[in-house]
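Here's a solo chain for you in structure tokens, the form predicted on its own.
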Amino acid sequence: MTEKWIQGEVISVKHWTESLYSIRINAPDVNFIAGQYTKISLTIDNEEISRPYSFVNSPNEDFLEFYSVSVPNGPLSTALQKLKGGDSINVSPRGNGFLILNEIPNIDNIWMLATGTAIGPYLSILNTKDSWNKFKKVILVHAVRYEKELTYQKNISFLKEKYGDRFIYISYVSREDSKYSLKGRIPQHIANGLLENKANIKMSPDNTHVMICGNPEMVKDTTTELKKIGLKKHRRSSPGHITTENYW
């Protein structure tokens, strides 16, 4: 094993659906900021295969957790899904990525928009107590295809109990009717105002920052709609209101 990896040990694998799973790993000395990702590696058929995965856990917790979907013919995602407690796994020692609160200004309302497994980095941020010093309210929006894919509900309930009205959770289910979820696409509901109405919070440049993480089409279309209401991409050299990260 090269120096770029820390050898970890699988604690457990939780199977949410046939394809969605989360893996907990004991790997001391991995350093990251909430919202970042790192690489995980396994040796498969005598070949080392690695892919980036976002942390779900807070940096304050004594385990690492990653949330993934098993991709057909994806050698690493299918192999990770089959791991058991006690198995060895390699983890890169440092986090990467800019979907972090250090990169954005203090703001009244922060919107965290996610599709599928991209909810992971937001949970890492929201499970980190210091994160809550950056904003007054957070609106977490999670869009999936089927209701069974609305995972981490215990964690979301815990956040709601702990932070009360400061935390708003809105879910989308696109391919079936769901009693408690919206149907449709996030960009459409920004365009027609339905998402703002659901949250009972207005998006405006003076009180809003939007983090967007998920499939590239959603990221692109959502960014387009946000720009129409006066928000702009956030850059270190030119502060704005929109932070994005594609999830494949």
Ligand SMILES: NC(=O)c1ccc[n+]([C@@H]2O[C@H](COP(=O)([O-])OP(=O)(O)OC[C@H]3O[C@@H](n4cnc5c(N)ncnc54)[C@H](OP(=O)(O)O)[C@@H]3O)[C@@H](O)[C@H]2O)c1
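From 1 onward, residues are counted along the sequence shown. All of these numbers come straight from a predicted model, not from anything done at the bench.
There is another form of the same protein, the form predicted together with this ligand; it is not shown, and what comes next is about it.
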Point to revise | Contact check for 33, 106 and 133 against this ligand in the predicted bound form, heavy atom at 4.5 Å | key: no
**Study point:** Options 139-147, 125-133, 85-93, 157-165; stretch whose heavy atom lies within 4.5 Å of this ligand in the predicted bound form
**Key:** 139-147
Review point. Closest heavy atom of residue 61 to this ligand in the predicted bound form, within 4.5 Å or not?
Key: no
Point to revise | 4.5 Å heavy atom contact, residue 217 to this ligand in the predicted bound form | key: yes
Check your understanding: Applying a 4.5 Å heavy atom distance criterion, does residue 178 contact this ligand in the predicted bound form?
Key -> no
Review point. Could you tell me if residue 185 has a non-hydrogen atom within 4.5 Å of this ligand in the predicted bound form?
Key: yes
Check your understanding: Pick from 41, 208, 57, 70: which has a non-hydrogen atom within 4.5 Å of this ligand in the predicted bound form?
Key -> 70
Point to revise | Residues within 4.5 Å of this ligand in the predicted bound form, restricted to 10-44 and counted by heavy atom | key: 19
